[in-house]
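A single chain, nothing else alongside it, follows as structure tokens in the form predicted alone.
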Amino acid sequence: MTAAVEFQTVSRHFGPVRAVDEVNLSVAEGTFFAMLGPSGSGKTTCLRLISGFEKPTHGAIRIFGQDVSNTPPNRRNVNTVFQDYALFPHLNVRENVGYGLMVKGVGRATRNAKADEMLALVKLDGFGERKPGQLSGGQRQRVALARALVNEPRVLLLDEPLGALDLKLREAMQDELKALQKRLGITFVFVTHDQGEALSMADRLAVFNHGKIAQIGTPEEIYSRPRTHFVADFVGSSNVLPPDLVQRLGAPPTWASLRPEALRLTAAQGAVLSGAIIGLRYLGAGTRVTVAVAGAEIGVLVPSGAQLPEAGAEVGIAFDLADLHPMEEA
């Protein structure tokens, strides 16, 4: 099957800065694909390369098999939803949604009908006459989404579109976006720095760091089997154990990750790992207990309601060896 989006050794340099550095990437048609990484990691530049707002310094970009490396944005069958929504304040909602059709020369009656259809799709029936300034943040986000979808793109690009929303609304919109993507069946490429957002929404995701892809896979693969120290730290929270400590635990001497929720506190006596509690951090659903062990600090997630030792207490740490995941590098 032809990939919806494909990067073939793509680089984008800005002077000496390698914003994107020899990235190879394939996004299957009809998937919800996330690009995850900290600021400056290259994920947004990759999105701009797909849209045509940036051109690669080296390499080729293909959309459904066609090389679009030098194709202008208006000739690519993609649309972008921006973080700031970029709505025209002087146009009403219907006119904003139908703007792309107007540029294409579509008649007023047809584009208004199509705009109303898109507004119904994003649950904004009856909002066509309002101005963007009369809408909430979540409603403006839906208008921007409808405007992007009205042109029937084969690939929809989303540049941190939920970043300006409060937590509860952001969570609700995550569910709506995922459901909409499944309903439409088109390819979504979603950029975010929020690892929880990427894990909960994506079918597959790529973790970016310093212009390169550190790891690519399903959310479960990325979370449970991080390939590097960076991925283990950035995606969720992990204990990264040095080779000498891993060897003490009965595994080959290599860097390894151990998620806090896979650990249990026990009595110190007889435990393979033991140490003193140096910190307790309440997280709502549980408490993260930090234990100083053999020169390392290990976090243990204790479920809410469980009895907690006091700071300074000596405790043991138990876990299943299968939860210890070796990594390729530190």
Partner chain sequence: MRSENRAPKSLTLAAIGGLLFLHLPIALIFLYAFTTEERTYQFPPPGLTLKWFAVAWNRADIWPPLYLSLRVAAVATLMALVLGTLCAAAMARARFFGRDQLSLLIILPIALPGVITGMSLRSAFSLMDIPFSTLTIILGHATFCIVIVYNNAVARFRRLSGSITEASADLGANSFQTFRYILLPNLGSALLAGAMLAFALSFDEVIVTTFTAGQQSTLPIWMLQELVRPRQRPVTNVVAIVVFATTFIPILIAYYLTRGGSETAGGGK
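Positions refer to the first chain, counted from 1. If you're wondering where the values come from, they're calculated on a predicted model, not measured in any experiment.
Keep in mind that the form predicted together with the partner chain is missing from the display, and what follows is about it.
In the model of the complex, at least one heavy atom of Ser51 sits within 4.5 Å of the partner chain. Proximity of Arg147 to the partner chain in the model of the complex: non-hydrogen atoms within 4.5 Å are present.
Although the partner is absent here, Met173 lies well away from the partner chain in the model of the complex, with no heavy atom inside 4.5 Å.
In the model of the complex, none of the heavy atoms of Leu162 sits within 4.5 Å of a heavy atom of the partner chain. A heavy atom within 4.5 Å of the partner chain in the model of the complex is found for exactly one of Val122, Ile213, Ala198, Leu87: Leu87. None of Gly133, Gly250, Gly185, Gly107 but one reaches within 4.5 angstroms of the partner chain in the model of the complex through a heavy atom, and that residue is Gly133.
Remark: of stretches 216-224, 256-264, 177-185, 70-78, the one touching the partner chain in the model of the complex is 70-78 (heavy atom within 4.5 Å).
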